[in-house]
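Before any questions on binding or motion, here is one chain by itself as structure tokens, the form predicted on its own.
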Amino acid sequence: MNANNLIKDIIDKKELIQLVLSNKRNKDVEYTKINIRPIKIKDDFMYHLTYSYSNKEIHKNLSDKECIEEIISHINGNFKQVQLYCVNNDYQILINKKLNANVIKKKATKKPVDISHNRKKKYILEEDVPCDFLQYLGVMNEHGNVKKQKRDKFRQLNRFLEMVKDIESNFDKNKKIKIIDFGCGKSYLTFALYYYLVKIAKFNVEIVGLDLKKDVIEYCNKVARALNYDNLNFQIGNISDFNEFTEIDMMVTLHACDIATDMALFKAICWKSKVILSVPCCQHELNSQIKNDLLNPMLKYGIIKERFSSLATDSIRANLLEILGYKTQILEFIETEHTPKNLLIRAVKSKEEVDKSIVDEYKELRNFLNASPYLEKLILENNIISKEQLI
């Protein structure tokens, strides 16, 4: 069986499910594997090729004829093996040193897929489309290809922007939107937020990133100026001392440790922030406080108590925000396989008055856990809610 004719016949008849070129022969070829699958782009039947390098992937869409030519060119010297998964049969092609091909026919092992839905995931920040801040920060190359070691970061940024997109209707396009990012760090999310709101959603914004590390702030300001992000500025400072704004539209905090998250939430409350996006970290406060005989069989195990305390802390925070008139959700920010710190508190201001219907439930939870939450303490000390309402 002639390998070239087999490949041409399978592709002409549109019987291919997947094809993999592997076991590289030519050392001058930089990529180590090519994965090919059929896709449908609008009404066009195409083939999507993924070239796998040691540290990145490059994607290309080809027509039937172009795909056949590409495969045959690689069989003739670049790769030693081709695996074809087809509708009726599978085939393995082994190419020896003299470039003679041995074709092994096997039973089909894969089911055909609906290629009308077999497309790359549609991201807000698109793959293979150059994006200035992603290129500058090393997530993309100059062609817009996402670097292999940065794919998790790319997905994280898009997940974050999906959550922003869901709440953007709370902002007025006729007014400047004021946003503060506490503990901004290297500011991937801050740059993504600015890019989305200004360049995609067409809002007029002023964003301030705040962090304690001087070198980080200097670098972020350098990047912002290089990209001409005129209304994005970074400052050295901590959460409690920042008083530049009297009101804000959105507060963002990513992985602020322990009660630093509570301090950021409290600042947002005082500033009457329309939107709060907070990914907490290292929730240690309640770990030493929680005490309940009914929970002893569970809490006597350290790792269980740590995780339970973390979930209880974020539940308390979310309930306090609801009491203060925020419609609050706790969402998965990124898959747990990438980080255990994967919960995001998203709160949108919906009313000004205290929601008394939630107060009793909250008090029962707090008392059941024997907890004295720091966020509650800040709220009471500053008379946001009276002690008679919450104690």
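Keep in mind it's a predicted model, so treat the numbers as computed, not measured. The numbering used is simple: start at 1 and walk along the sequence shown.
One more form of this protein should be noted, the form predicted in complex with a small molecule, which is absent from this view; the next part is about it.
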{"property": "4.5 angstroms heavy atom contact with the small molecule in the predicted complex for Gln83", "result": "no"}
{"property": "The small molecule contact in the predicted complex: His255, any heavy atom under 4.5 Å", "result": "yes"}
{"property": "Partner proximity in the predicted complex: Leu212 to the small molecule, non-hydrogen atom cutoff 4.5 Å", "result": "yes"}
{"property": "Non-hydrogen atom contact Met263 with the small molecule in the predicted complex at 4.5 angstroms", "result": "yes"}
{"property": "In the predicted complex, segment of 178 to 186, 226 to 234, 67 to 75, 163 to 171 with a heavy atom within 4.5 Å of the small molecule", "result": "178 to 186"}
{"property": "Val205, Ala318, Ile239, Val139 - the one with a heavy atom within 4.5 Å of the small molecule in the predicted complex", "result": "Ile239"}
